[in-house]
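A single chain, nothing else alongside it, follows as structure tokens in the form predicted on its own.
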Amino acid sequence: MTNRDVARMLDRIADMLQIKDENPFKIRAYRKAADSIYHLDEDLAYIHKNGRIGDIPAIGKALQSKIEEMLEKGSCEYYERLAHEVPEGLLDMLALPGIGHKTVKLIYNELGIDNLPDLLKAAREKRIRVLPGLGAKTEYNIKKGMEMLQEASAKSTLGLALPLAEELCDYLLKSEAAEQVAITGSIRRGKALVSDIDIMVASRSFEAVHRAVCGYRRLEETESQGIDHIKGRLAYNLSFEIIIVPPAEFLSQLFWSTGSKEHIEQIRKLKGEERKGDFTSEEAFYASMDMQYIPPELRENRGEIEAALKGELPNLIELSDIKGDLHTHSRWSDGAHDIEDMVQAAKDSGYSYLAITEHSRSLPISGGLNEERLHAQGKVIDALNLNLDEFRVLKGSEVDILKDGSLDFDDDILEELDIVIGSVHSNFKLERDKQSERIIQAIKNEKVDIIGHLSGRLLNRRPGYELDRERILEAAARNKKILEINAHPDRLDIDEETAKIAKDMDIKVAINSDAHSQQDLKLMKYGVINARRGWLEPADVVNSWELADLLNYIQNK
């Protein structure tokens, strides 16, 4: 079993326990273990071989034995026992918007439905709305959610596809079959969801590339191959295509294959049909048309060609511009590491500040802090800062925005903090106007600095809740509120389109990792990619600023 397989099984155990309404601390333990394993750098099988499973954060002795059983047997007796009590089809139903664990349990108990096709049939027959606490809105969510799942089933998140594409590129370069290798297509453009992995390879021996690909350990199957390509499937059922070209054509073919289709069509109108081998660099190619160089993330035909012709493209933010992370969690709530460990990882990333922003009290499932624990954590942070040179730990909270738009902590509690993030974690099914008004009320609260993961979307799992984006952005602009790009590749929320509109309205953005472990801090790169697709520059992103400038902006907002 791969790291992802084990993490997924642990997550599914947590889901089954939650459907059974088991102890929330037990559920939380499985969630934290799954998250730790999902973000491991090392192969879990290798860690087990060296007897170090127990060294992984959030893995106690009971969980260690279950993980070892998964790795040794490819299964887990505890998982199988739970699956007899909770049909696995119920877990598939959780992927639908507005369908939580209690709803799934209710539908199963009342109607005996334990799979998606029967659920859709019941929604179409209007049998869901008669159940206690549900209604026509739930039926609508089920039908629309099924459409979303069918549409997204052939796509993968950038967080899954990019690391695998990078690993395959490194493998091909080390094989000596290739002179140059590069990711191309939609992954190179940094799209949040991608259909496949496209890799450009320059080689003088096509046969050697074929042999190398066939020896790749994550290859599942090859579906077709010719002298200039190999197509097939990799781990996690990801489709791939290797495009093989002579070295002299590598740069030109990399450009033409990066896309998007609409961008390339506009370039052809300006330049004419593509010519092989006429590139010294992509920069020179754009310059030959009297244009600025257009970074891959902008090549979507959304005004970038017109801007490049006028010399008006933005100076896009880089990962190296980021000076701190304003949304992280530690062991105090549902994180895997101590504050000191998170600080060290932040320093290793080259940051000069880090905000610790635990969940607030209304999220007990995530170990949310009450006022006493938040105050105690503040004292720990104050003491830690006394011993830090050229680094600052900021006291913060990811405070829940409650159903009526009020916050989970009173203003006098929030007054003690450096950073306050307001986030929605419940009541996702509110009507559009009520959901929008809820967030606008939080925006109007002068204690709130940042609105976290605005739409609540989880890519391939849950669409964002219904919002009046125009009203919310107008409120954010009036109240000088910062919007978060949550860098977790399952979120990337706000999306690139919203980020671009925010920039045009002079709304500042924070790119945050929402880290629950040291490893999660590295997710920042996905947020930066998303920000670049939204045309953001360092001036637009508050955590690319020096700390004094950031704090001054917050205090005077």
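Between two forms, the rigid core is the largest collection of C-alphas that superpose within 1.5 Å. Numbering starts at 1 and runs along the sequence shown. Keep in mind that what you see is a predicted model, and the values were worked out from it rather than measured.
Another form, the form predicted together with the DNA, is not on view; read the next lines as being about it.
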Exercise. For the spot marked by Asn23, Pro57 and Thr103, is every residue within 4.5 Å of the DNA in the model of the complex through some heavy atom?
Worked result: yes
Seminar exercise, completed: Only one of 479-487, 413-421, 127-135, 167-175 has residues with a heavy atom within 4.5 Å of the DNA in the model of the complex, and that stretch is 127-135
Exercise. Is Ser186 close enough to touch the DNA in the model of the complex, meaning at least one heavy atom pair within 4.5 Å?
Worked result: no
For this session: Please check if Lys66 has a heavy atom lying within 4.5 Å of any heavy atom of the DNA in the model of the complex.
Result: yes
Exercise. Within a 4.5 Å heavy atom cut-off, is His337 in contact with the DNA in the model of the complex?
Worked result: no
Exercise. Does Ala62 reach the DNA in the model of the complex, with heavy atoms at most 4.5 Å apart?
Worked result: yes
For this session: Select from the listed residues Asn427, Ser406, Ser281, Ser352 the one whose heavy atoms reach within 4.5 Å of the DNA in the model of the complex.
Result: Asn427
For this session: Could you spot which one of Ile451, Leu158, Ile244, Leu96 gets a heavy atom to within 4.5 Å of the DNA in the model of the complex?
Result: Leu96
Problem set entry | C-alpha of Lys137 off by 2 Å or more between the shown form and the other one on rigid core | yes
Exercise. If you line up the core, does His488 shift 2 angstroms or more at its C-alpha between the shown form and the other one?
Worked result: no
For this session: For Tyr79, state whether the C-alpha moves by 2 Å or more between the shown form and the other one after rigid core superposition.
Result: yes
Exercise. What happens to the Cα distance from Arg217 to Tyr79 in the model of the complex: does it get closer or farther than here, with a change of 3 angstroms or more?
Worked result: closer
